[in-house]
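In structure tokens, one chain follows: the form predicted on its own.
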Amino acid sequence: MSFPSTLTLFCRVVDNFGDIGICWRLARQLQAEHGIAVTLWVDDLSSFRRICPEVDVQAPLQQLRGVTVRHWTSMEGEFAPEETGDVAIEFFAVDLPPGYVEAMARRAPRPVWLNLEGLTAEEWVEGCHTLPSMHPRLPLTKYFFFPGFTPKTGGLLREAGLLEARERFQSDPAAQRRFLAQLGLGDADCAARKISLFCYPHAPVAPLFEAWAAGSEPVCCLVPEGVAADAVQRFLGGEAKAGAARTQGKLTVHVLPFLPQDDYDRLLWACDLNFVRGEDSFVRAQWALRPFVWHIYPQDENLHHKKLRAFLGRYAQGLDALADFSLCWNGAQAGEMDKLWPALQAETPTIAEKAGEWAQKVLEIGDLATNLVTFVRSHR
């Protein structure tokens, strides 16, 4: 039997859909492509269900697409060493149940223990990727594993066949029309500039809607139910529930249900411009090869602005309109949407050209799941 054969992944949902979105994609890929029996512990099954409708929110234990899913309700409990996996991954520095850690220390051989960190383009990550940290009391070593954009990091999540599936979809206009029709879009919507909108509540959506409505070309904005709820509700003049739509000026807004991950990928592939947030949709937008604007998860003391600038420094060189728009969208720089939007609109062909070059560069690092398995095997 190849190593590792079992792996346990612990996820606490902080960013509603981003944390579980990443962990669910990683769990599925490790099971499907590396033949590893994965157990995913997650504390919020309701958020999980929004992106994976098969989830039973009442079930303490369930099997989903080959992955064992356990509802993580407590830090209590005792575990036997054989209940731990060959690998333990804590996502984003979550504390593991003390009883589980004790059981890992009694296991022979001991598990490879990783802290899978959040994605950032900051340079310091290269010096910290794969660094070990000794447990202060137990004979255990934890390794930091950073996703990233350079060969000195773990790369980005990308399952086998993703790029080929995207290419087939984007080269098939009929398949795109069928997909968009399922979401309630008609011919006029499909002919407009299609924009998906996924952001945190503090994004300046209302002035952007005004700029789109007063613009020179038709815009069809697709927004999941519950996202930018205040601005969408004001625009609609009514409840922003899935299926609601309204046109004002050049702008039509459609409210969508939350989509399963695979359908969300198709939405990103079908749109001309994507607004994404957090980490999971941010990564998927890069593989979509379409222009995108990132709304980064807010942190104390505006640390997220440093992360945003670090990414723009790598991605948006020579793309001044994208950089200015992104900084304003994230509150890192002042600006007016009625000026920023036309500039971004004019730059989108150039952004689209550079998206392929960027994806090729990141592709050469290898995918996060494979790099993670390679690292684990080297520490057996």
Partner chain sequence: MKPAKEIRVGNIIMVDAKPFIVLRSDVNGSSRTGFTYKWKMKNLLTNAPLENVFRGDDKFDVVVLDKKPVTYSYFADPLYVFMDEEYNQYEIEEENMGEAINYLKDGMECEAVFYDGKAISVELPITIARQVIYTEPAVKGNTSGNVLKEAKLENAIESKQFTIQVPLFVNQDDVIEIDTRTNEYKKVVRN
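Everything quoted here is computed from the prediction, not taken from an experiment. Numbering follows the first chain given and starts at 1.
Beyond the structure shown, there is the form predicted in complex with its partner chain, which is absent from this document and is the topic of what follows.
Residues within 4.5 angstroms of its partner chain in the predicted bound form, judged by any non-hydrogen atom, belong to 134-142 and to none of the other stretches in 168-176, 264-272, 285-293, 134-142.
Among residues of the shown chain, residue 75 is not one whose heavy atoms approach its partner chain to within 4.5 Å in the predicted bound form. At the 4.5 Å threshold, heavy atoms of residue 100 stay clear of its partner chain in the predicted bound form, well away from it. Under a 4.5 angstroms non-hydrogen atom cutoff, its partner chain in the predicted bound form lacks residue 79 among its neighbouring residues. A residue is said to contact a partner when one of its heavy atoms sits within 4.5 Å of a partner heavy atom; residue 307 meets this definition for its partner chain in the predicted bound form.
In terms of contact with its partner chain in the predicted bound form, the residue from 127, 186, 249, 201 that brings a heavy atom within 4.5 Å is 127. Only one of 191, 303, 214, 181 comes within 4.5 Å of its partner chain in the predicted bound form through a heavy atom, and that residue is 303. Scanning 72-101 for heavy atoms within 4.5 Å of its partner chain in the predicted bound form gives 90, 92, 93, 94, 95 in sequence order.
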